[in-house]
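Encoded as structure tokens, the following chain is the form predicted alone, with no partner shown.
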């Protein structure tokens, strides 16, 4: 299937699928979701190259009747496969005895938003070129320092789209393309082994062909010679952009979900219009950012994606919704329906029932550089330069978290000192927003679909 014809092809099948569904049960409401993706993936592990390319495609059907709902899905987007899912969904509906009285209707037709920007060069990235890039990253890292003993890399190019239609008259589609790469290194000195990684993900240009391996190797080598903190204490923590991005997704990304708000799991559910963070903090979810990796014209149920301000100068402004929870809450959808698991989107979209997820979260930068932020520390602080392990296994209802930061440095009297052995960092996400000390100016796009600078929090417990 050609990229230029993708939307028309998907919408044509959506239209035929809905017409068939209406003949199966004229009194039911139907929603049809089609997904198509061309994917090329290259992985190098211990010198072994594994390369594959192919097509991922599938369909999902939701049917509603008299407050009863059912779901069915199957691989393939042909009319025959769509009919199979329709028939399975209708058959499943007959066995549903529990009514969902909160369900009102599927998404109503609205004017779509804009698709994200992309370079059509991504469409032509093949296995050979990705293998060359992956091998180049490995060689860069290996040549950087003789203490780099293990290097692995992965490159991917994906393009495709999805279409949504329902019996309320909605029929919309969106396309996107993305390419990404990452490399990890293990530096060894005696009995010490330190791991680091670097990544590049983008839709508006081709991934970097040089420098990524060097940066990963430099990070790993810089972590050698780590010392023990040897105490349990409370210290300011400096979260680099990638670590800060994980913090934002795991904390506010879940608490601001309309599902958690409506179901009583979000502790900020009653905080609209109230201060929940430092006045220096402004966070938006921008589903229309041209360069955002999750930008589409519509969300996974056909509602236009949009820009939503979550926190404005420390004040909670809005939650994010899909149609279902927006109806219950008495609001409107913000275009945040998704069909994949959080936070990485690893499951097949057509196999997953709709949920609510942020699209592209953006933290407004401050005016201080990382050097200025470090210089502002009078006593001691911990600098976290990578994603803490366990940060995503937090308790949404309470905000309590405990994670292990493996890539950390001691900051003392305004200077970055030396690497530390892994430390445990624990605290409360929401208290952290109020205890935010500073926001850096080093804005960075991350693999978590969050664009953020360095953030400094106070009040977290450190065990080393």
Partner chain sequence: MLGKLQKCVELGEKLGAGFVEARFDDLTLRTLYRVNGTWKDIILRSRAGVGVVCYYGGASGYSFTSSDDHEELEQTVNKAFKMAKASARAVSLKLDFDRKPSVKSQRADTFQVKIHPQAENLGYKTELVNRTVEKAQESGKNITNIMGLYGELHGRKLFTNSEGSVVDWNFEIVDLQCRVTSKTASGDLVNGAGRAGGTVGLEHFNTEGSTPEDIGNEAGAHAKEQLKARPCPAGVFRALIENRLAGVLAHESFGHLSEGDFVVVGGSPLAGKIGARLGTEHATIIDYGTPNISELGGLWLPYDDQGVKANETTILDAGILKHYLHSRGTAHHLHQEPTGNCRAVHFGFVPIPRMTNTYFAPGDLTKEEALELLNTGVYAIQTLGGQVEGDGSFLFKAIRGYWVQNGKIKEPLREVSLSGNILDLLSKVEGATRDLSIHAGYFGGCGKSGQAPLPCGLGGPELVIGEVRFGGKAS
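On a predicted model such as this, the values are computed, not experimentally measured, just so you know. Positions refer to the first chain, counted from 1.
Unshown form predicted in complex with its partner chain; subsequent notes refer to it.
ask   = Within 4.5 Å of its partner chain in the predicted bound form, heavy atoms considered, which of 274, 313, 102, 139?
value = Selected option: 102.
ask   = Ok, 143, 378, 263, 332: which has a heavy atom sitting within 4.5 Å of its partner chain in the predicted bound form?
value = After the contact test, the surviving option is 263.
4.5 Å heavy atom contact, residue 419 to its partner chain in the predicted bound form = Close contact is absent here: in the predicted bound form, residue 419 is far from its partner chain, nothing within 4.5 Å, heavy atoms only.
ask   = Does its partner chain get within 4.5 angstroms of any non-hydrogen atom of residue 29 in the predicted bound form?
value = It does not: once its partner chain is placed as it appears in the predicted bound form, residue 29 has no heavy atom within 4.5 Å of it.
message = Considering non-hydrogen atoms and a 4.5 Å limit, does its partner chain approach residue 323 in the predicted bound form?
response = So residue 323 does not count as contacting its partner chain.
inquiry  = Residue-level question: is residue 431 within 4.5 Å of its partner chain in the predicted bound form, judged on heavy atoms?
reply    = No, residue 431 stays farther than 4.5 Å from its partner chain in the predicted bound form.
query = Any idea which of 111 to 119, 79 to 87, 285 to 293, 208 to 216 reaches within 4.5 Å of its partner chain in the predicted bound form, heavy atoms considered?
reply = The contacting stretch is 79 to 87.
request  = Scan 49 to 77 and note down the residues that get a heavy atom within 4.5 Å of its partner chain in the predicted bound form; none is a fine answer too.
outcome  = Heavy-atom contacts within 4.5 Å come from 49, 50, 51, 52, 53, 54, 55, 56, 57, 69, 70, 71, 72, 73, 74, 75, 76.
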